[in-house]
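Here are two versions of the same chain, shown separately as structure tokens and labelled structure 1 and structure 2.
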Structure 1
């Protein structure tokens, strides 16, 4: 990439005395119930450089932000501190606010006096108040050494890679391509559709899964902007938003031979889907009796049923009764369920299996009236639009319900050989906790969802996973399709269990974010990356030994006063600003912009500043 200009660390002497505005948020009581915000404001006025110090009920609200803008204008502020909640929530809000008032956004500091003061020291209001003052004082100290910074601008490759060709991946690709954005769609299997081909009649509208798959597929295949790569996988990926370098290996060569392609994309969408949970051998007698199957198997069995038999057929036998067991591989309980090889249990609910069971149970009752159906559940979670109907219809169609507690899952045993019925013992809480035994010719296990395979991308892009191993979104309420790696988006069940409609909605949400990223020719990155002072750098290369990010740092030869010298050089796109290099530089030639050593020193001075009113 084009070399960055090697900026020197600006002289820390500030040309004029800064005028800092300090704003303290009550957070509607979240802060002011513990921290004495008025006192904090009063004391902060005593910090050298502070021109204005004010309190507001909600700094983030419009009037709160307006106060800052007004003061920047009227009080000629050139630096601003807001002491409120976590910067994770509002640093960008306030940076935006100062920017609108034509102040450099990097002359803004955010102090967290909610999570770090009022919440952490709920029972020590005095301590919390004192700490708030110290933290603000540190921020003011830092600001007095801050210099204006500019965002880093880098080229943006207008092309998206979508990984996974299930409903989520197909929807994202179709949406983006319809807006003119080229897409490469990478699918590891030999067909598009994800799980759709193994599904049957879909809830909530009884549509054939194949029909839905065909519609989505035709949108993908008919758009020349989408390059579909089947039987292929991403082998390496590196880079950053706007500039991801990927290598894809697959059987897509002209003669069907394995080939590798290398390409650059601006955005990566993870639509890697889910894997149905596979019960362990013997779990509910799975693999110990041929008639213990999963809901996935049962979908296939349902579509294979022929003729007008009044009884469900399996292995050439009439199945007179079927027992469905919910929550297999989901809602597992510590101490009850055996952990998987990685030591984990799946404590989460898989969201789709309840309605899946009722959909299947109802189909059995409607098509095979001589087959009885039992349903063993903990809760019936038919939450969605058109889902509850499956529950009421199944009840009306004679499905018999039993309720077990998670700590006491039903037990399934063979009564005799592989063609004999199975025995299910359950403590049923619809009949006051009675221990019941049910015999059934077949047992269907409602298997949950586990995350799809995407280790290569997870490892190479350092994508976070949650406790449940699904990809972890930035904010579970507000930003469900974004992940902490900029330029990577999540679509569908790679993020969490969901049904097809929800998957398509999540895919649309990811597509709209991807499209927004392509509205500019360049991507903008925060300037918090390492910077080298070419005059101080003696080319020792110590920094390189510490840097963990491939390509972020390199030694380059440059001409200085007629001599060729070795100097460290930063690739701003790849540097994450962790500062590992700063710690080892023998000449202190490398610093992280916005977090320079002199700024830290000033913060420490600020922390220990004596602010008793008499010292002024």
Structure 2
């Protein structure tokens, strides 16, 4: 892995006085309505090393970027600071602008004076203006000690692994294979399809779920670029983007016996799906009365009903009334609902449950007109185009709605045996809090979604989870379907509750992102990783005890002055540049490229620099 070694900068001194260009963005008023941007530009000219200080209404626009490019050439600038909005939006934009002007992109520094100044201190324009000057001064100080950096380039294995063979996993695999990218699809069950086979028809288009499952499965099985491994699980995974080493255990050998295979992939797509919430024993009388079922169970019961019956049939009985209860396992309230084994409750909305209930309730009223239907909900949330029509149609079909508060859920009781009606007590806020009792022959619990099993990969790759325990996307708008671990992508309900249309859309997005990672033979990473000065390193190993990323740091033996000595070595593909090792090194032999200690010192000096010859 010689290609992963980083050149250590032994001398951070700059051979000449830097010429820094400072560019302040008005952001169409988002910044300049609070921050006096013209005054900021005037004061920034006093900072040592600043050769140019300008203001533009939209620095990210083509004319704004062209201003930077022209100044780099005409004013001989060798460093640039842009003070504008969040770096999540335009850091890459400005980095690209300086690259086009033949300047090293890592001699550019982004300062966020929108979120951190104008938005944070909108009632204090003077303070916001002063803070903007301080932040820019710190950035200039850092740049005065910056050295050119180069991207880390690593080999890229042009093969993807998709974990999960549900609709999302099949969609990702089919899309990638259609682009000529080899895929290994790992599914722990003995079939593809995930939860699709247990569904009846999909809303709102009414397509048969089995039809969609068969279409996706055909696309997967007919493509020779896809290797399908059923009854298989990923047991170990290590490495980094472009170079993930994976071990898979399964019953896919020719003899049918358990086998282990090892492979290398460049990208991993998590399509691990969801599990329906399982009510606890006794929750709404679940498991204690045979006629208390979940929406998953009820969907199967619906598909088995005779077409000519006017009343829903169950266990040899005519069911003349059915009550649906929403938000079972979703939108739970602390102190009211029983926590899971990890001590947490499910406070999130599962998004698909309301439409599922309305769809099932409408089917009952249309197919079995002699069966009454009651709907008990906190509120109706019909996500998705056309889903609101289910509520309208259910109302017109005679479904009776009751609304309860989350901290006062309905109570379901039964004292007269398994064939007697269930009694539901509820405080109905559609009738101003009136306490009501409803008798129903069947109770259907609208269970939410919980994350699918993926503990091995979460632990070994350090994948982040949200408060809802689903895998956590970096940002739904700026970096959709991406996770904080480079080379790992999310597809479908592994990241959040979704309906089938959203699941397939997210899977398509993951496939596009994965394909983009295979456009070159090498993976390019930002150089902000730890670097070791071998002359200062004494091999104490203190850095290893603090590193939380397996394989990012290791002790290696090298020959120095005729003696074999132990030195710390950084795996640039696994290091995330967190700096934990820097803090504990007794000889200060480790720094993070682009964020060295001397740069931090210069930033502090810039923050406290006196730059107020005129009043703000």
Partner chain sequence: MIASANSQRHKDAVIIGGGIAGLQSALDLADQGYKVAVVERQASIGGRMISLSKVYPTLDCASCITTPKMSAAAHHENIELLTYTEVNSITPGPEGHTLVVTHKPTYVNADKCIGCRLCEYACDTEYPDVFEQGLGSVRAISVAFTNAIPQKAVLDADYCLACGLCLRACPTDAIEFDQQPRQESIHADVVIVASGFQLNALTIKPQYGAAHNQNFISPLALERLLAPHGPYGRVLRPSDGKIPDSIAFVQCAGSRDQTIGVPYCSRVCCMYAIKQAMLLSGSLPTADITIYYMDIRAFGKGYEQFYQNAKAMGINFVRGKVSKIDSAGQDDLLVHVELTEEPQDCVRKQRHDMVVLAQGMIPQWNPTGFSPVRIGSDGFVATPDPISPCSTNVPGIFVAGTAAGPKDIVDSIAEAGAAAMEAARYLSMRAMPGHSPRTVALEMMA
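Because the structure is a prediction, the values reported are computed rather than measured. In this text, the rigid core denotes the largest set of C-alpha atoms whose superposition between the two forms falls within 1.5 Å. Positions refer to the first chain, counted from 1.
Colleague: Pick one: which structure is the form predicted alone?
Modeller: Only structure 2 matches the form predicted alone.
Colleague: Could you check whether the CA atom of residue 123 moves 2 Å or more between structures 1 and 2, using the rigid core for the fit?
Modeller: The answer is yes; the displacement is at least 2 Å.
Colleague: Kindly check if the Cα atom of residue 528 is displaced 2 angstroms or more between structures 1 and 2 relative to the superposed rigid core.
Modeller: Yes, the C-alpha position differs by at least 2 Å between structures 1 and 2.
Colleague: Calculate, from C-alpha superpositions, the turn of the smaller rigid part against the larger part between structures 1 and 2, rounded to whole degrees.
Modeller: Relative rotation between the rigid parts: 11 degrees.
Colleague: After superposing on the rigid core, how much does the Cα of residue 25 shift between structures 1 and 2, in Å?
Modeller: Shift of residue 25 at C-alpha, rigid core superposed: 6.1 Å.
Colleague: Let me know the CA shift of residue 34 between structures 1 and 2 in Å, rounded to one decimal, core fitted.
Modeller: Between its two positions, the C-alpha of residue 34 lies 8.1 Å apart after core fitting.
Colleague: Where the core is superposed, what shift in Å does the CA of residue 73 undergo between structures 1 and 2?
Modeller: Residue 73 is displaced by 2.7 Å at its C-alpha.
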